[in-house]
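The chain below stands alone and is given in structure tokens; this is the form predicted on its own.
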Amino acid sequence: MRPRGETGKNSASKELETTMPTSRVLVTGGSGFIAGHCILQLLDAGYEVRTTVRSLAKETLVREVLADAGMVDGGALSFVAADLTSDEGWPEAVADVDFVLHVASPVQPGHIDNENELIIPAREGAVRVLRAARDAGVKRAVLTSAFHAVSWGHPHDGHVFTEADWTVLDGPGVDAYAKSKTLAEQAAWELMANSSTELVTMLPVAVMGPVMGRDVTGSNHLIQGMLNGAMPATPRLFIPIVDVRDVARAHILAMTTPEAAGQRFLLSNGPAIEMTDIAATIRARLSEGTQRVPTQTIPDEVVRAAAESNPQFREMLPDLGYAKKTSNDKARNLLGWSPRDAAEAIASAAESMVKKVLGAQ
């Protein structure tokens, strides 16, 4: 299966009830941020949910975290041990499953010494899970890819990125994480060519929103750095943001919408936001815990000078001062998806961190 073209007629909002509520869904990586929110929404909609963890010793903690986040009907949630680096456990994970949401993937943006430590597990893990789903006769698999598979390595020419775009692997500023997401998604489409199992891929921009437990992952680290003082000033970077709850909702719509088969969906919400405005939103929306949130911007020339000796600053250079433009028209029109404002994702991420993470330290 290859991703289909970008044409498609508008359709009414697809409700979760388009699939029988007794369907069983496998969500990979149940201890993860996006996966956790997918599990919450699936259970709330009446699905049976099975999720994978690397060790069943994690089950109790994951259940506690989900319960704290408002889980309903925990009795409809089951666990199986499976790791992306091994075939063991995956046949059991996909047995008698109608749909698979493959959310789990290694996450390590920025510079790493050996790119293959990230690329190989991401690519082989995606292939391993999708092969198991295909062989088990799963109806549809939804793969969480990323905006990193779309917009890296392109010139800064004002282009509006859509699902038709792919990251240029040998382009400027392409880090190991972007390569891993791009190669994993490409391998997924190649594997599922001519398969009876339908494939859909999701391409979220920076995902923020309410944390799960005390763990902070992904783009929420940016908010954490502003709250705990690790980021005393902000570089002139622009971040496109989407709320994790909307990402989870989009995954379920992609799972249940017939027209979504064979499609990629870019999940974004409005213009990219400058980091100084993200900080300002935190200060404006929170009543406490904002004492360390930065108010100053690091001049571009300072970032460039620091980049000569500091890899962290060097990684900022390709997108310094550049706001990538995105379109979410396809997800809105074909899935009936309507994301909340990015400020809500920022505020809810910060509020939950002050309560669950910083307050517990």
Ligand code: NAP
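Numbers follow the displayed sequence, beginning with 1. Keep in mind that what you see is a predicted model, and the values were worked out from it rather than measured.
In what follows, reference is made to the form predicted together with the named molecule, a form of this protein that is not presented.
Y177 is the sole member of F99, F265, W152, Y177 with a non-hydrogen atom within 4.5 Å of the named molecule in the model of the complex.
When you look in the model of the complex, the only residue of A146, L130, A250, I282 with a non-hydrogen atom within 4.5 Å of the named molecule is A146. Proximity of Q41 to the named molecule in the model of the complex: non-hydrogen atoms within 4.5 Å are absent; the residue sits far from the partner. In the model of the complex, R292 stays away from the named molecule, with no heavy atom inside 4.5 Å. For the chain shown alone, G218 is a contact residue for the named molecule in the model of the complex, at least one non-hydrogen atom being within 4.5 angstroms. The closest heavy atom approach of T201 to the named molecule in the model of the complex falls outside 4.5 Å. Between 53 to 61, 332 to 340, 315 to 323, 302 to 310, the stretch whose residues reach within 4.5 angstroms of the named molecule in the model of the complex through a non-hydrogen atom is 53 to 61. Scanning 70 to 96 for heavy atoms within 4.5 Å of the named molecule in the model of the complex gives A82, D83, L84, T85 in sequence order.
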